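Before any questions on how it binds or moves, here is one chain, the form predicted on its own, in structure tokens.
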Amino acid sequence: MADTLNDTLRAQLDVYVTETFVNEDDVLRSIQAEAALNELPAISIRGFEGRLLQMLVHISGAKQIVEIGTLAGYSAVWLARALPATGKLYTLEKSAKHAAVARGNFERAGLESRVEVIEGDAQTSLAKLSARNPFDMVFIDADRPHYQDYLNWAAENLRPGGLVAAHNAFRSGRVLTPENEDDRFVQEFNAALAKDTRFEAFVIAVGDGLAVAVRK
């Protein structure tokens, strides 16, 4: 039987991967500091998860991306930096406060021309964005009850071969035994994604799990 990784060893490997492969510069660190200073929820992706998203952009050759859930803009910077100079990231944020913090961070990162923050209800914003399809990638990291709605939008607006990625596929392990509604929503989303004939899908077991699917 193969050896299993305990929590301590997993944490050590996360540090190893981060130190070896992740270049979290002053800009990225300042975004996390700004989020804390403005008392934003501490729910951002981690550095190695950002690097994974960046690699998915490089692998897919994405030029036009939609992100659902901006927060302070940490994940958006990882994504936008992987885009070509003519690429565009549309990032959707319901909170006016979060959107304002993110815009300041994008300006400081020198990405204001490559990133557009769309403020308001995500489903309303997505309906308007449909006019700009097809997109190459959709990253979902927002309200769990609407993950399936966002997936349906992605299926209709991604190019064939385009990617959809959804954060928190593991819910810190609680997808196995859900403890609250968000856990159950993600468990149901994962099950639905696995059976969705519009996609080829899998969960990458990095960080809190990244559900990744390719549009057929």
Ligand SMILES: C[S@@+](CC[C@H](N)C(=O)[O-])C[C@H]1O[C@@H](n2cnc3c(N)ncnc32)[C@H](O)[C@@H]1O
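Remember, it's a predicted structure, so these values are computed and weren't measured experimentally. Throughout, we count residues from 1 along the sequence that is shown.
From this point on, the text means the form predicted in complex with the named molecule, which you will not see here.
When contacts are defined as a non-hydrogen atom within 4.5 Å, none of 155, 163 and 196 contacts the named molecule in the predicted complex. Checking 62, 52, 45, 175 against the named molecule in the predicted complex, a heavy atom within 4.5 Å turns up for just one residue: 45. In short, of 22-30, 184-192, 155-163, 65-73 it is 65-73 that has heavy atoms within 4.5 Å of the named molecule in the predicted complex. Contact check for residue 116: every heavy atom lies farther than 4.5 Å from the named molecule in the predicted complex. Not displayed here, the named molecule is kept clear of residue 137 by more than 4.5 Å at the level of heavy atoms in the predicted complex. At a distance threshold of 4.5 angstroms between non-hydrogen atoms, residue 98 is in contact with the named molecule in the predicted complex. In the predicted complex, the named molecule stays beyond 4.5 Å of every heavy atom belonging to residue 83. With contact defined as any non-hydrogen atom lying within 4.5 angstroms of the named molecule in the predicted complex, the contacting residues in 89-116 are 92, 93, 94, 95, 98, given in sequence order.
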